[in-house]
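Below you will find one chain, with nothing else, as structure tokens; this is the form predicted on its own, and questions on how it binds or moves follow later.
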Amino acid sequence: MTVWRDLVGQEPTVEVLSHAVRTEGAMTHAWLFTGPPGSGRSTAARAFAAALQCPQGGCGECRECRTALDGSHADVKVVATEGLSIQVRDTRDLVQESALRPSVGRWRVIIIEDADRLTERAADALLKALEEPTPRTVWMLCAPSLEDVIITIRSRSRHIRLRTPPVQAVAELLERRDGVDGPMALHAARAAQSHIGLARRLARDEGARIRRRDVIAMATRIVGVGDAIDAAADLAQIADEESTASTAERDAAERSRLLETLGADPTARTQPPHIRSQLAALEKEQKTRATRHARDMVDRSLVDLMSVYRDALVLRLGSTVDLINPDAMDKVRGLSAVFSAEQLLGCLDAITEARDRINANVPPLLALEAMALQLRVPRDLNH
């Protein structure tokens, strides 16, 4: 068992990183991990950090490996923003930290899991640290693609490209690591389109599977303008419910911890001004996090919706490519029967455009309504 055990379907990446761990001349001060969502970018970065700290080059069992993998190693800093962006003040703190020598390990490692969320000023602040690297400090940046990171940072980093892992490899990981039974693991891996984190969630959460089925079912119900408006509202509501369910308990716990830290009475109807200001700052941070999470949920729903049109196109063209939704063949066949290949491509383009608009800060409901109007089917497939 090694630190690379959870990095499935990425053998070329493991080979390159393992060589860098073993060979001093193959190391560099900055690495950029790119790959599609769920491919394991942050998993690769954490595993690499653990291997660099491990006396045996990544055994997966020693204290250095275990603490680096779980994010508690003193010399491994993991930045995973829950806001909409990484601000310049946060980057400046990281740059200052990067100038310190390792305290207990061989390297000081700083992992930024969402380098694509660096603001322009934050990226400029980071660039200085990359241009004048500190000995024994390693930066590891993660982003969906090269284009998501400014060119000056790209040019100063060694690029590691991860690929979408095979469905079977993801299913085997769920069986081995999470104890999921074979058929469910395979279903979840296929439905998640090899997104490892989402596959794990689908395999373990029946509510997530139900929500996904509801999203896919919308494709055949969008007939008139009213149906399109309703579908857009339903998609937005599903995302809001998902976001609220996953953040409400955490928000309450954070508020309780803050009041306890400040020595405040949590049952008091009013709090002193200095405590109110701290609570207001926390609520602002939580609101930003909720906004990002809701957008992420909308995007995930759109990826699921896109999959049924993709399957319909595969069926329409008579391709032998595996389907993502073999358990929803009635919906896939229905769409394939009423849409031409060109129209199905138009539907896929409409969904992609909605994702881009939401990513560009267009209000999600407006983007979803515009998209749904382009997805109307010629007749009601349910009758």
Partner chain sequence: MTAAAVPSLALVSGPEEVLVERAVARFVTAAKAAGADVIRVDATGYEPGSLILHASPSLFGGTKCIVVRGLHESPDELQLDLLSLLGGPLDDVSLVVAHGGGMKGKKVIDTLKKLGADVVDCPAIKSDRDKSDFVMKEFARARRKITSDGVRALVEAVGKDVRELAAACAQLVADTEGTIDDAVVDTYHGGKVEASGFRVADAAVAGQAGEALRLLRHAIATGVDPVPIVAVLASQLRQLIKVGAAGRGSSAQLAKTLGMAPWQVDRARRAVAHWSGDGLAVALQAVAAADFEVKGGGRDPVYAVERAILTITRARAGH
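If you superpose the two forms and keep the largest set of C-alpha atoms that fall within 1.5 Å, you have the rigid core. Owing to the predicted nature of the structure, the values given are computational and were not obtained by experimental measurement. Numbering follows the first chain given and starts at 1.
Just so it is clear, the following notes concern the form predicted in complex with its partner chain, a form of the same protein that is not shown.
Chemist: Applying a 4.5 Å heavy atom distance criterion, does residue 281 contact its partner chain in the predicted bound form?
Modeler: Outside the cut-off, so no.
Chemist: Can you tell me whether residue 135 touches its partner chain? I mean in the predicted bound form, with a 4.5 angstroms heavy atom cut-off.
Modeler: Residue-level check for residue 135: no, no contact with its partner chain.
Chemist: Can you check whether residue 225 is within 4.5 Å of its partner chain in the predicted bound form, heavy atom basis?
Modeler: Yes.
Chemist: If we define contact as a non-hydrogen atom of the residue within 4.5 angstroms of the partner, is residue 23 a contact of its partner chain in the predicted bound form?
Modeler: Although its partner chain is absent here, residue 23 would stay clear of it in the predicted bound form, with no heavy atoms inside 4.5 Å.
Chemist: Could you tell me which stretch in 58-66, 37-45, 320-328, 353-361 has residues with non-hydrogen atoms within 4.5 Å of its partner chain in the predicted bound form?
Modeler: One stretch meets the cut-off, namely 353-361.
Chemist: Under a 4.5 angstroms heavy atom criterion, identify the one residue in 123, 229, 94, 79 near its partner chain in the predicted bound form.
Modeler: By the 4.5 Å criterion, the partner-contacting residue is 229.
Chemist: Check, residue by residue, if 7, 14 and 18 all come within 4.5 Å of its partner chain in the predicted bound form, counting heavy atoms only.
Modeler: Looking in the predicted bound form, the three residues 7, 14 and 18 all stay beyond 4.5 Å of its partner chain (heavy atoms).
Chemist: Could you pull out the residues of 346-378 that have any heavy atom within 4.5 Å of its partner chain in the predicted bound form?
Modeler: If the 4.5 Å heavy-atom criterion is applied to its partner chain in the predicted bound form, 346-378 yields 356, 357, 360, 361, 362, 363, 365, 366, 369, 370, 373, 374, 376.
Chemist: Establish whether a shift of 2 Å or more occurs at the C-alpha of residue 276 between this form and the one not shown, with the two forms superposed on the rigid core.
Modeler: Comparing forms between this form and the one not shown, the residue 276 CA shifts at least 2 Å.
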